[in-house]
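First, one chain by itself in structure tokens, the form predicted on its own.
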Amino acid sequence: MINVGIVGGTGYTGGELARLICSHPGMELKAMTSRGNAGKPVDSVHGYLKGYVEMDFQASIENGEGLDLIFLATPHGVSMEHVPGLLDMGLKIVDLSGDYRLDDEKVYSQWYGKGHDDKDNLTKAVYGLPELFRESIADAQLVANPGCYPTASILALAPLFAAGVVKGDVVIDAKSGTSGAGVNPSIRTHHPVCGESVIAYNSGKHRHQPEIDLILHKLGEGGEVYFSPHLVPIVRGILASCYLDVNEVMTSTELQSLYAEFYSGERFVHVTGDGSIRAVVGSNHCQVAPVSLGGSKVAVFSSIDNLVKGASGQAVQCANIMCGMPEEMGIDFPGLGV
């Protein structure tokens, strides 16, 4: 049994981690921290965990005694404060923030608006997308869990970049539910503003753009990646619609064959004929649908649950790999469908 703790347990990803871990046959949740809710029962904040997680929030992880692995569900800029000390305790770490996803401190500073305080570990962290970096994750002590938009976008485009057939630039039009903005409300996520609207935001300056670009160009050559996120009036889910040219004409059938071969044996990635958020909501699955638009034009649609495969489920998937357990353990169930 792997004993785990969650640092930053009051947000959506922290609560989702607890929901998954409390029924995980190979993990036991030993601690959840919250500076603002220390001493309060976990189920007083996350009512859906009543009867499943019977513990109080604690202010911090004082030492690593009795723990094997820590999930950091903390904001950007906070995780780097915890990582060095936790590593010194000998703990494995899966960080769900953006602090270790970019391997260049100058790029991090440019996109996150602050310097990086843990430069040594920044270059040692392994990017936690199992379908691409499984072997490195298995040997890692620190894993940077991917962002939700990058997970959907990279899984959509990885087969084409890896095959070396991308010609020119790529445009990603991605739409996310409101839970992706986190538990603290803002003007944009206030229901009267977003409840009956679709909102384009941070186009060309979203922090996930360099992450998508970095990983895709590690796989193969291609032009610039242009990323435009949108907020849609649903709670969970992402649909990433990716448009590009390829350097050889391929039919939809040929594209699906290429994708099926690339993702052969992958439990959590499925090649389909269309994109549907409801098919994956509540699950750790990603559905990708490559389509020929005629000639060299290709569209790929990718759907995930932003809180599961886009965050907490993928973090558990990485932890399973890091701890030598079956990758699908505790997260192998279908989406809700309706």
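The first residue of the sequence shown is number 1, and the count goes up from there. Bear in mind that the values here come from a model prediction, so they are computed numbers and not experimental data.
Same protein, other form: the form predicted in complex with another copy of the chain, not shown, and the subject of what follows.
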Problem set entry | L307, heavy atom within 4.5 angstroms of another copy of the chain in the predicted bound form | yes
Exercise. Should L219 be classed as touching another copy of the chain in the predicted bound form when contacts are defined as heavy atoms within 4.5 Å?
Worked result: no
For this session: Decide whether A163 counts as a contact residue for another copy of the chain in the predicted bound form under a heavy atom distance cut-off of 4.5 Å.
Result: no
For this session: Check whether S60 has any heavy atom within 4.5 Å of a heavy atom of another copy of the chain in the predicted bound form, and answer yes or no.
Result: no
Exercise. Only one of V193, A138, V78, V107 has a non-hydrogen atom within 4.5 angstroms of another copy of the chain in the predicted bound form; which is it?
Worked result: V193
Problem set entry | Partner-contacting position among V126, M250, L258, L239 - heavy atom within 4.5 Å of another copy of the chain in the predicted bound form | L239
Exercise. Judged by heavy atoms and a 4.5 Å cut-off, are A31, G66 and M329 together in contact with another copy of the chain in the predicted bound form?
Worked result: no
Seminar exercise, completed: Partner contact check in the predicted bound form: of 222-230, 96-104, 147-155, 70-78, the stretch with a heavy atom within 4.5 Å of another copy of the chain is 222-230
Exercise. Taking another copy of the chain in the predicted bound form, which residues along 166-204 bring a heavy atom to within 4.5 Å of it?
Worked result: D169, V171, D173, K175, T178, S179, G182, V183, N184, P185, S186, I187, T189, H190, H191, P192, V193, C194, G195, E196, S197, V198, I199, A200, S203, G204
